[in-house]
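Below you'll find only one chain, the form predicted on its own, shown as structure tokens.
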């Protein structure tokens, strides 16, 4: 079994890409909406939270762990890998994809405070900086998406993103953000989106081969730390879109 976790339902955007390429495995998706949002927590808080989640997933029988949260990946990846023997795959902001495909294009990176301030992101940014990039901290946006508050999301995007009209590339540095691509385009126009889902799929394929994880009866189990019934409903709705 493969374990996937996120601060909520945002990681479903990553999970959908995984299922397209690797449908014949069993998966356990852990939505930690009890501790959502992750972006405003300290490093020490996040390390404790994510360590407990990985322990849960391993005890449930997971042989590979996917961190489908940019903030948790940026801050906790190395810590978790030092604590556990199972392979841990971490999503990364797709800023390098801009470097590879449209280097000179004006670029907007949308992410949480935790991701933008992390050492990992700063290393990535300075390595591939096209000197035409805006880093923007989207305070509270992931939480609005988590709660599916679409009217408030529309107002938020108009207020915070309207001044960035004219950008060509938009890096979605939080796994919640791909759920509102349509709404972002309504504000910014026909931009090119970049996110880390495809990189995760490539890593997962490689790790599956390395550990010789065999295909099994396909299944999906959902768990939410808050135990709120609507979380499961929203999870399946997004997964089936």
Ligand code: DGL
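Computed from a prediction, not measured in an experiment: that's the story for all the values here. Residue numbers count along the first chain shown, from 1.
Just so you know, the form predicted in complex with the ligand exists too; it's not on screen, but the next bit is about it.
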Give a yes/no on whether residue 65 approaches the ligand to within 4.5 Å in the predicted complex, heavy atoms considered. no
Under a 4.5 Å heavy atom criterion, is residue 36 part of the interface with the ligand in the predicted complex? yes
Partner proximity in the predicted complex: residue 142 to the ligand, non-hydrogen atom cutoff 4.5 Å: yes
Residue-level contact is defined here as any heavy atom of the residue lying within 4.5 Å of the ligand in the predicted complex; does residue 57 satisfy this criterion? no
The ligand in the predicted complex: contacting segment from 108-116, 147-155, 161-169, 77-85, heavy atom within 4.5 Å: 108-116
Of the residues spanning 61-80, the ones with some heavy atom within 4.5 Å of the ligand in the predicted complex are 69, 70, 71
